[in-house]
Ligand code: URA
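We begin with a single chain expressed as structure tokens, specifically the form predicted on its own.
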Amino acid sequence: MKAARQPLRDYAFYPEGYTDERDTTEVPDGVRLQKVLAQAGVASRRACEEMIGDGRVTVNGQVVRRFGAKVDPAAQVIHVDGKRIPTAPDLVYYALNKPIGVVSTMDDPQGRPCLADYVEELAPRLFHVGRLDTETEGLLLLTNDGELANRLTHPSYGVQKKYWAKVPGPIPRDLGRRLKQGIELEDGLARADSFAIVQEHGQQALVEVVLHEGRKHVVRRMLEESGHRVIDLARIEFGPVKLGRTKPGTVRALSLKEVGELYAAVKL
């Protein structure tokens, strides 16, 4: 009797760099991959089909080329062109321009204005990513994606935050060097990643401080310890997300691109 033919896949002669693209990600009762991508805002369903056919989409790290592939958007990790796409239907991502006088909590026993006043109707159980002190305004991220929120605030991932501070002038030439070398505070040395003078006018100056740590009042304390009392302070960037023209007290949903860049910043 003729021996059964051995499948080619059993032979170890594939060239170096060969990628096995068998689809082992299939979820029989899932949602079609192109529909998931289109609903996430990647592109039209037809364009998403072309992306799949071109091998630009991975599910749990595996290239998927079959148009009819079904996935679980709540449980599987999907990337397009190497960037993760937020596909879980219950996860949301927002940016708030926190006004001065608002407490960075979801509830305040003293009855002061707090974050819930701005976001309580958007989604249940939102986390604020880090804090801004009551007298600091600017960009605050909010999400119910706990893993992303934890990584964004963990110093080991080095996600930078950019602040603008109004301080009395003039600014000495060595201030940037001192801030980058480190300012000794009561809870240890604090270093700026970068420093720049944005504007000087009369007896006031606007300076830019970038750093990746999140100790309480750290920017205020660094500047004041170096002899520059902070008059006003605002955070204008958090990683790839920019405050832009968002008005104080206004909330906006992050774009697909912004969420993907946040994922990339913390290696998710």
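Just so it is clear, the model here is predicted, and its values are computed rather than measured. Numbering starts at 1 and runs along the sequence shown.
FYI, the form predicted in complex with the named molecule isn't displayed, but the following is about it.
Heavy atoms within 4.5 Å of the named molecule in the predicted bound form map, among the stretches 26-34, 46-54, 66-74, 211-219, onto 211-219 alone. Shown alone here, T136 lies within 4.5 Å of the named molecule in the predicted bound form, counting heavy atoms only. Contact between V241 and the named molecule in the predicted bound form is not found at the 4.5 Å heavy atom cutoff. Interface residue remark: L132 is counted as part of the site for the named molecule in the predicted bound form, having a heavy atom within 4.5 Å.
Interface residue remark: L233 is counted as part of the site for the named molecule in the predicted bound form, having a heavy atom within 4.5 Å. Residue Y163 is the sole member of 161-179 found to place a heavy atom within 4.5 Å of the named molecule in the predicted bound form.
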